[in-house]
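Just one chain follows, in the form predicted on its own, and it is written as structure tokens.
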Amino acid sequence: MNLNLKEIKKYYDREGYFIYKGFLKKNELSQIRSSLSDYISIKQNEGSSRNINFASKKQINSVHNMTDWKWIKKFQKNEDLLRVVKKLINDEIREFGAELFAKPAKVGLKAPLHQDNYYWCINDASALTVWIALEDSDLRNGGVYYYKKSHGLGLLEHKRSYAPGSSQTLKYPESMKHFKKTTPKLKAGDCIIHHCLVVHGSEANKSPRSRTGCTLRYISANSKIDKFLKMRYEADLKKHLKSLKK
């Protein structure tokens, strides 16, 4: 694929995200969805945990450790994607996990306003998320929304959200009034690559269409985990998980 890496990075650095159209081929999608259906069926039997959250008793909303799904490795080896990610991070990269956001029809949960790096605790914020749409995604079925250019603020204060699968939310959401909010429309097979500091979230899915997507996460090969930030986050997460059991 002919990708203008210079223009992609220019847009990403300015806005905090970039839409990569047609990352997956149409003839791949049916095979991918069939494999994912089998994967979800297995995960449903594991029950709710730190890594698996349900929107209803039988419908998974998110899986936060998805590296055991066979298609993840195939996505991670995509040469065009790797070229883009290395350009955006401006360094050699390493994989930092993968997640599923199934967001089933009518009951899919919202994702509170947040920054990824509050969870990740990367010392230099040299990291990004590749959000791959496995179904069409838009405002009506709970598509991801972004506050453009908000990554320029650095790491913001968060507080416990008490939301399953998304334990943190922005402490001062009113600060986003100075930034333009946008919900990109994605076709199945498109993906969004976003900076780990760009503020984003998604609304509940009350539509008759599910909004399945998975993410790949990458960080600079030279980045490290900030031990203080990680300790703070883990302490908050422990309290969050305890509150959900009450």
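Position 1 is the first residue in the sequence shown; the rest follow in order. Note that the structure is predicted; figures quoted are calculated from it, not measured.
Not pictured, yet referred to below: the form predicted in complex with a small molecule.
Novice: Can you tell me whether His114 touches the small molecule? I mean in the model of the complex, with a 4.5 angstroms heavy atom cut-off.
Specialist: Yes, contact at 4.5 Å.
Novice: Looking in the model of the complex, any heavy atom of Thr129 within 4.5 Å of the small molecule?
Specialist: Close contact exists here: in the model of the complex, Thr129 approaches the small molecule to within 4.5 Å, heavy atoms only.
Novice: Any of the heavy atoms of His151 lying within 4.5 Å of the small molecule in the model of the complex?
Specialist: Outside the cut-off, so no.
Novice: Is Ala125 a contact residue for the small molecule in the model of the complex, using a 4.5 Å heavy atom cut-off?
Specialist: Outside the cut-off, so no.
Novice: Go through Leu134, Val84, Val144, Ile93 and name the one with a heavy atom inside 4.5 Å of the small molecule in the model of the complex.
Specialist: Answer to the contact question: Val144.
Novice: Counting any heavy atom within 4.5 Å as contact, can you tell me which stretch out of 26 to 34, 174 to 182, 45 to 53, 207 to 215 lines the small molecule in the model of the complex?
Specialist: That would be 207 to 215.
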